[in-house]
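Next comes just one chain, in structure tokens: the form predicted alone.
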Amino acid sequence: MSVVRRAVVVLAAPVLALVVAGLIVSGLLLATGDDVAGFWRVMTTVPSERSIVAIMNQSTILYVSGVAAAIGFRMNLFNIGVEGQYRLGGFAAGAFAGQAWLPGYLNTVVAILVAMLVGALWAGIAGVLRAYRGVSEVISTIMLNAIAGSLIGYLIKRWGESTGNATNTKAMPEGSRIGTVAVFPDSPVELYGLGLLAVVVGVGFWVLLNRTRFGFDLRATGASESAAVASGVDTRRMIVVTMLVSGGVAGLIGLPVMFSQSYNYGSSFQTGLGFTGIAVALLGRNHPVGIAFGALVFAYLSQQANLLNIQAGISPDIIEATQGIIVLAVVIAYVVVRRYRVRQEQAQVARQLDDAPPGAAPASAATPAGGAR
């Protein structure tokens, strides 16, 4: 298969998924009597400068969340506990930074490390249970999500500060805060300074997968656990370490908003990002570049949802349904495309066998020069 044709096949799945999702959403709007033309008019409107910055901010957060989920997916681990891990990690970072035990940005750096450590340890509980007791990580992480929420509520009521009707951790000192970056001169919304974490996470994820022994073992175990065991991979260790790494990345999700806008952990801390990150990872097929595309799509949909009720009289709840439909369409589209690719590869091998002289091996099966049989 040529490079161009292979690229077309790779792009076919997400494009097909978005087209199918658009058709289904249009049918849903027709069934409910909503303005289909108005919906697409709003969704295809070029965002304002303010909205563009908001989309960029949301994309960075969703990207980190998507990578956290994708690390587990590459190992065939469904880390549904990203939600609890990032909330607990964010609380720990906010509580630590608010104490101002360290000066300036040293306080910030250590708080980031604390968030990663807490997120990793919380995910590690599920990893140990899966590796050594056979407990499904889906069940354990769901329970850990509930425990994390209750634990945060208890701790913040016990040691937090009440400001009006809200209870928050202590505000971090000004010297530990990461400012924002002005993208457009007239926009009141600015880019989170700590949003650069998304770039670091993305590069680190790619390097981890493609340039390290751990990444090779991760991909090998995810592809075939029995083959990985036969090649000497300690799958129990891989399960625990993978969950630790996934949880460590999850601990970073809420930090851009905390260090660039709210400056504490409390009622303004955004929840639900862990579950959205799972959908983003699925849309991006657990690939560093694909996850960036998925994060942009979900951030764009969320931002445009704010205009639906105002400009088209449509409930913004339709966006949540749209996001779910996109994920389902992606899963179906990739199955269809994968089957098509397998058929094309089988047909190519069959043609090579037909064209080969009697007794000669096809080119695809030939042994490379100097290689061992």
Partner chain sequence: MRRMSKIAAVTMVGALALTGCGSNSGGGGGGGSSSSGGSASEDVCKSKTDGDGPKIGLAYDVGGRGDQSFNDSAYAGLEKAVEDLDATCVEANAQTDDNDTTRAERLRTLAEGGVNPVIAVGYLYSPAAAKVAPEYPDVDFAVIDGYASTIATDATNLADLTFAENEGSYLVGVAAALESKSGKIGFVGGVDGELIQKFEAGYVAGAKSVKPDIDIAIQYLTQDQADAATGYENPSGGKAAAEAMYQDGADVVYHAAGKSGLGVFQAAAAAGDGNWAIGVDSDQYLTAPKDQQPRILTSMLKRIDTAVLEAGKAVQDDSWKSGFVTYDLKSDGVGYSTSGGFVDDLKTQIDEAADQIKSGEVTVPAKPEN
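A quick note: this is a predicted structure, and the numbers were derived from the prediction, not measured. Residue numbers count along the first chain shown, from 1.
Omitted here: the form predicted in complex with the partner chain. The next part is about that form.
- Note on the interface: of 194-202, 288-296, 145-153, 115-123, the segment with non-hydrogen atoms within 4.5 angstroms of the partner chain in the predicted bound form is 145-153.
- Residue contact with the partner chain in the predicted bound form: residue 157 places a heavy atom within 4.5 Å of it.
- At the 4.5 Å threshold, heavy atoms of residue 166 reach the partner chain in the predicted bound form.
- Though the partner is left out of this view, residue 188 does reach within 4.5 Å of the partner chain in the predicted bound form, counting heavy atoms only.
- Although the partner is absent here, residue 278 is a contact residue: one of its heavy atoms lies within 4.5 angstroms of the partner chain in the predicted bound form.
- Taking the partner from elsewhere, every residue among 257, 316 and 331 has a non-hydrogen atom within 4.5 angstroms of the partner chain in the predicted bound form.
- Interface residue among 252, 77, 129, 95, judged by heavy atoms within 4.5 Å of the partner chain in the predicted bound form: 77.
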